[in-house]
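As a starting point, one isolated chain is supplied in structure tokens, in the form predicted on its own.
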Amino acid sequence: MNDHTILAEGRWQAAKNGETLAMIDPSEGHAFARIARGRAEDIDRAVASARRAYETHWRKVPGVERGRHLAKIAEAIRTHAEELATLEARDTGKPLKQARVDATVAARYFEFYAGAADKIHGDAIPFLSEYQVIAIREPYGVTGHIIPWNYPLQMGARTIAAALAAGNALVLKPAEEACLAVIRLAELALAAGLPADVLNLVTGLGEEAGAALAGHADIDHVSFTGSPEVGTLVQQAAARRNAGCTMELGGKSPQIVFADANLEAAVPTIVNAIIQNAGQTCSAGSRLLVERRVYDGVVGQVAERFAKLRVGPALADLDCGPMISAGQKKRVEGFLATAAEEGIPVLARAQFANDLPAGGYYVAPALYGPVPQSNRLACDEVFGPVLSAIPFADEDDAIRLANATAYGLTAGVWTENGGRQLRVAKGLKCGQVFVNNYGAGGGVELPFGGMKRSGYGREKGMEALHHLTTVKTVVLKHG
């Protein structure tokens, strides 16, 4: 990857200042590519490009034609799936098998929104007899999208596809830690015939390019995925011009296991939900709540699986890869050090593969328990492969514990009792509840977003199109 990683004005170019950033392979700890270090002036170019595209031609393109563009991009992703997966694995450190899933889901986003682009309907509203009232859904115009480093290919696909389907032109700011696969996705989109000025992309640091995009006067709506702290800054920047936002800000999601749960299905899913992408997932199932009378047995089975997990480089394709960076590794190890100081029992740890690269950012997945609800491991988002086991007494206690954090993104409920399934699902304060499953294979069709500190607004599914459009009410008096 060269330094021409800014897409604006219909062409790939370097940053105006000529500066670059190194891309670090987290499996090895050394630089393997460079990207442009875009700043405010590069954001200005990209936003102006998107505005021209929207005003001169894209807003006039009917939904069916937008959908055809997206369908071609979906096919291009499938054709280049292995290339994209390999790039994503090396860039993020996740095992290759997980990156292959990301490529499959990325294609599915474009396929889904290709079919949805001409189905963004308005309403006819009953009113007085001499009036006809219609509510029309229209695109915002130019939308800004700031995505994180953990799933750049998937998240890039879901935000680009939905924004274009809704009729917006857009500017994407990917994370500086990992963005090579989404840059390649943009190249494929242009090669597939997407008008080059409709999709604009600026690489760079969050505090430079990201801040400039969030605060830009000509961005009509901002979507952001990342930490609550940065999300607050993005919202403040958008609020200065009264622009709307979609915020997905992390989680501390529970897996709730009742005594009647099917453990054959539950245990492997629970383990996968915390080690996927080395736990660097906003919807990671990082709390294991288990009914007290079966706590020892359930946690014992989870511990057995943890002890067999193997950690290694992305392209070795083991169970778990490295952290994204030295800083993220240090953060996770800080949680583990504090837990050791406080005497929180370690029930199991994964194994490192032989001959790990010395410079890689590896942390072994760990299971702790029982963890007091007031402890940091049970309350704070670790964003690493750390699972906290907590016993509960009964259904009401399970709901209380599940809701006892500042977050509310996702939850898993494991029980064969149909009434309990619905009672618990209704009692949980979060945006998604999975009953006897977790994650649903990417859930392209399923509205996704949080409550409380996990944010607001929704991505995925048809609901995303409602958050990327605005309603205009037309009142016709015909006498």
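The structure displayed is predicted, hence computed values, not measured ones. The first residue of the shown sequence is 1; numbering continues from there.
Same protein, other form: the form predicted in complex with a small molecule, not shown, and the subject of what follows.
- In plain terms, the part of the chain that comes close to the small molecule in the predicted complex, with a heavy atom within 4.5 Å, is 143-151 out of 303-311, 143-151, 116-124, 394-402.
- Comment: the small molecule is not present in this chain, but in the predicted complex one of 250, 369, 360, 167 has a heavy atom within 4.5 Å of it, namely 250.
- Think of it this way: in the predicted complex, the small molecule has a heavy atom of just one of 261, 76, 409, 201 within 4.5 Å, and the residue is 409.
- Proximity of residue 176 to the small molecule in the predicted complex: non-hydrogen atoms within 4.5 Å are present.
- When the small molecule is considered in the predicted complex, residue 230 lines it closely, a heavy atom lying within 4.5 Å.
- Using a 4.5 angstroms limit between non-hydrogen atoms, residue 54 is distant from the small molecule in the predicted complex.
- The small molecule in the predicted complex is approached by residue 383, whose closest heavy atom lies within 4.5 angstroms of it.
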